[in-house]
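Coming up is one lone chain in structure tokens, specifically the form predicted on its own.
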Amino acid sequence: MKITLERAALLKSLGHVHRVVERRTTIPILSNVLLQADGRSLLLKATDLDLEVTETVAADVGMAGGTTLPAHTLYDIVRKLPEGAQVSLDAGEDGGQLLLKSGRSRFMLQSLPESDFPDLSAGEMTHKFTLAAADLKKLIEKTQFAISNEETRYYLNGIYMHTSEIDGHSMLRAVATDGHRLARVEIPAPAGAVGMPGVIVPRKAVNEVLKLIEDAESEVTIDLSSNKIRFNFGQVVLTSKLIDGTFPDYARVIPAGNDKRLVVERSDFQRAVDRVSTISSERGRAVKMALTDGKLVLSVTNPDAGNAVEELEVDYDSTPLDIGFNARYLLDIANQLDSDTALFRLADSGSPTIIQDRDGAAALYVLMPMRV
């Protein structure tokens, strides 16, 4: 293999693929990035056996061929080369080493044969549809904070995507929960998504997808089956295994009879919660919300640090209610709301609360209360 290409193009592509590579792995080939030169392009591929990212970049190919190189080392070398430089890669026929040249710099790198590199992308996909990148970004950003970190409940370690029929309209839903809070966001289902299997996309995959959305105006093609999902961004393709588990029936967690309505200015509420939670203990993080006609009193009591109280004028005309929430969870949800106000629909001090921008908003959040 013998190729020459722009340092900027190689660096950008390596930036996309090298993040997938685990820094510590017991399988040497998984530390490497696959390079395959053919025609007028270079294909780069990296995988951790659960996730695979490939990208094609234009290159001047003197001799077609392929090899694999240590991903993080190669990325660091290219990153440190001067801007505007040309990079040439020359792998000998024995395949054991590769010479990287750029200007006066020379690097002789140890390589492993391309035949050893695993292929994750094999297999037939049953459903295919195209989404606006902005919609995909919205589905992920507004739910990923609620993904569980508890490895024993592995089926909650991702975002559940499925279609649902709502008032005669097909909707594509993204749902995440950690048992304390739940986030559900929906958009009209694109053609091709209807009838797709419900899939749980792992945390690492959705994090990488977000990083790969560089142009919100573009479109993303999604192919999926019951055990794999592929996101095609054009030159970049991300393929991931899905979490093999059953997502809980989240609809049972969303209360239907919450009749107490609280409307509060979102930014005022955020700042007030942030202020009073300053003295809360790291373990507790509980904020008490005392609701009476037209008034909300936020308070925190910490035996080791004292107490804090703040009052807000709100739109509330139901019976008085005292309820407690985890301050960080309240702030996480408030950060996802787009409007100037936040709507809370409450039942009592021991029941889950619904939080939205407004009635019927595309994003819905459920928060479990704490004892205060």
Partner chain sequence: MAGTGAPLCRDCLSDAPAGARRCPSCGSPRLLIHPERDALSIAHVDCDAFYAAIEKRDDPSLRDRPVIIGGGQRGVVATCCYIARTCGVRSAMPMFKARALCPEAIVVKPDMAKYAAVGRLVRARMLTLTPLVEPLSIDEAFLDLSGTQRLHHGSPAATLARFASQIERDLGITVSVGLSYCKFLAKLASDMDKPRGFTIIGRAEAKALLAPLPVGRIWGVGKVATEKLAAGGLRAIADIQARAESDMIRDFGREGQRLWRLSNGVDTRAVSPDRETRSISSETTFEQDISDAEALLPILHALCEKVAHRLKTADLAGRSVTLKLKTSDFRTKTRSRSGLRATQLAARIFPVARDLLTPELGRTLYRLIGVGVSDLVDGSDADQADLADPDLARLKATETAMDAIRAKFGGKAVVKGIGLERPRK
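This one's a predicted model, so the numbers in the text were calculated from it and none came from an experiment. Residue numbers count along the first chain shown, from 1.
One more form of this protein, predicted together with the partner chain, exists but is not displayed; see below.
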- Taking 4.5 Å between heavy atoms as the contact cutoff, choose which of 198, 190, 179, 92 touches the partner chain in the predicted complex. 179
- Between the options 264, 298, 156, 237, which residue brings a heavy atom to within 4.5 Å of the partner chain in the predicted complex? 156
- Message: Looking at heavy atoms inside 4.5 Å, which stretch does the partner chain contact in the predicted complex, given the options 69-77, 98-106, 200-208, 251-259?
- Response: 251-259
- Task: Determine whether any heavy atom of residue 150 comes within 4.5 Å of a heavy atom of the partner chain in the predicted complex, and answer yes or no.
- Result: yes
- Message: Can you tell me whether residue 368 touches the partner chain? I mean in the predicted complex, with a 4.5 angstroms heavy atom cut-off.
- Response: yes
- Interface membership of residue 15, the partner chain in the predicted complex, 4.5 Å heavy atom rule: no
